[in-house]
Each structure stands twice: as C-alpha cells, then as structure tokens.
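Take a look at this single chain, the form predicted alone, given in structure tokens.
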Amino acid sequence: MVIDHVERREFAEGLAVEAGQLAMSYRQQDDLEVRSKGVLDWVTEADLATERLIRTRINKFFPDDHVLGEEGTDQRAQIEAGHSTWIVDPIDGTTCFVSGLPSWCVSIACVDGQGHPFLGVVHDPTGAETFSALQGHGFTVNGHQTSVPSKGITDGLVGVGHPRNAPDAPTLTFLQRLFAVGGLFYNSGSAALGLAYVAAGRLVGFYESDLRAWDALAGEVLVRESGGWSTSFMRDGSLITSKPMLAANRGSAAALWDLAWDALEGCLSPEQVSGQ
C-alpha cells in the first residue's frame, strides 16, 4: 500500500497533540518519578509513557516504518531503503518540564529510505501550538501557513543551546563572537522548540554545538519549509552520531555562519547551498 506523506503529516500532528496531553497529565502529579541520566539530564515516567504511546500509535498505523526515540532501548540507525523512519523525542526539554517551566515540547520527524528528512512536527502543549512542515507543502503554525521573515542578526534574539556532555569551548566561542557584533541570545532549554521559533520568525537563528537526531530533525524540516536555512543533520548519513547545528532566517544566515563556521566541519555554508 502506498502511503501519502500528507497522511503522515496529519497523523503526526494529531499524535503530537495526543502525546502532549498525556505528558501534561503527569505534570499534575506531586510524586512524578524522576531518574537521572547524568548531570541535569533526567528522564521521567512521563517521558517513558509518552514515548510508549507514540511508538504504539506508529506501529499500529504504519507497521512497516521504523521508530527511533530518545528513550528507546534501541538507538541504532534504522534507515532502510523502502522504509520511512520516525525520530521522536517525547519530551524535549525534560529539565524544564521537571522544573515547572513551559519550555518543553513533543518532537516528531520522519526520514525516507535514503535518510532525507521530509516531515517535522513540534507541539508545544503549554502554549497550545503545533508547528508543522512537510517537504514541498510549507510550514504551518496551528494550521496557518507561515513563512519566516528576513531579519538581521541584531534584529532579534539568537537561540543558543548548550549540550551537557560536550566541551564548553564551541558554545563560549560562539557567544563571544555574537556579543562582539552586538547580538543577544536566548536559551529556551529545548532545541526543537528553539528551531520551531526560528521557523516562526521569533528567533533570528539557533545554534547548538552537539545535538542528537531527535533534537534536530523535526526543527530542520520546519526551518527549511518556512523559507529559512539550516545545516543538514543527515550530512554524514547517520542518525546516531551527534552533530553541531546552525539554523537561521535568510537575513541572518551568512552572519551567523561567520560566527560558527569553524565548529561546522562538513556543513555547507548558506552561499554554497544557494549556489546548488
């Protein structure tokens, strides 16, 4: 049976909202079980239950597809010709979730059998917003077609994430360079939400020196389909290696590249992408 990608998008949007509702129900609990995976790296029973829900729904409606999730026990690359692979983060921004802050989201992406990301959905349960994009069909916020405005690097805030288990130097270098050109930064605590904000024009760009597939892929599709620019997470063909990522609207892309180029080995610059 041939499955239309539009069906996948509609399914993913509904699933992200359902998963967000489940996660929100756990926030009402006073005895939420929290387990440490490292310094400020937590997993809760909400993360686990929400990922189980997402996997169950995908396996039911798309039994031939693969699933890769942050909280799953199998985190191997699962790209296979003829099969799509879903990449999910049930709660991106768990530290914010546990701390009672609103900056967390459900992130769902899908890549094709060649490893190309074509679908991205990020749902913010607290803000009741669903950011959605499908290759060739544009970018929407709560169903409304939206395109990213062109703004300069000092015309807004630059999202900057800092990975827990990576060297500090790339982040500090980027921030020093950003400050030197008069820029300001914002850290939401969720890379997926930060990338969604770039696509929606709320941030002029986003940089993080070390991201995983479930943090990056949905947001990459959102930015690309909104008319913005981003590095390609799948540039090495791997779902399991972590990588730096930079995304921006077209008015800030070149300037932000100049601040981060030496941390983006193997990436195409905005000029190289435009010239293809």
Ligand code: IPD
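Because the structure is predicted, anything quoted here is derived from the model rather than measured. From 1 onward, residues are counted along the sequence shown.
Absent from the display: the form predicted together with the ligand. The rest refers to it.
Peer 1: Using heavy atoms only and a 4.5 Å cut-off, decide whether all three of R164, A191 and L211 touch the ligand in the predicted complex.
Peer 2: Every residue of the spot touches the ligand in the predicted complex.
Peer 1: Given that the ligand is not shown alongside this chain, does G159 nevertheless sit within 4.5 Å of it in the predicted complex, heavy atom to heavy atom?
Peer 2: No, G159 is distant from the partner.
Peer 1: Is E70 a contact residue for the ligand in the predicted complex, using a 4.5 Å heavy atom cut-off?
Peer 2: E70: contacts the ligand in the predicted complex.
Peer 1: Does the ligand get within 4.5 angstroms of any non-hydrogen atom of I91 in the predicted complex?
Peer 2: Yes - in the predicted complex, heavy atoms of I91 and the ligand come within 4.5 Å of each other.
Peer 1: I'd like to check something about E225: if you look in the predicted complex, is any of its heavy atoms closer than or equal to 4.5 Å to a heavy atom of the ligand?
Peer 2: Contact check for E225: no, nothing within 4.5 Å of the ligand in the predicted complex.
Peer 1: Going by heavy atoms within 4.5 Å, which of 246 to 254, 211 to 219, 233 to 241, 48 to 56 lines up against the ligand in the predicted complex?
Peer 2: In short, 211 to 219.
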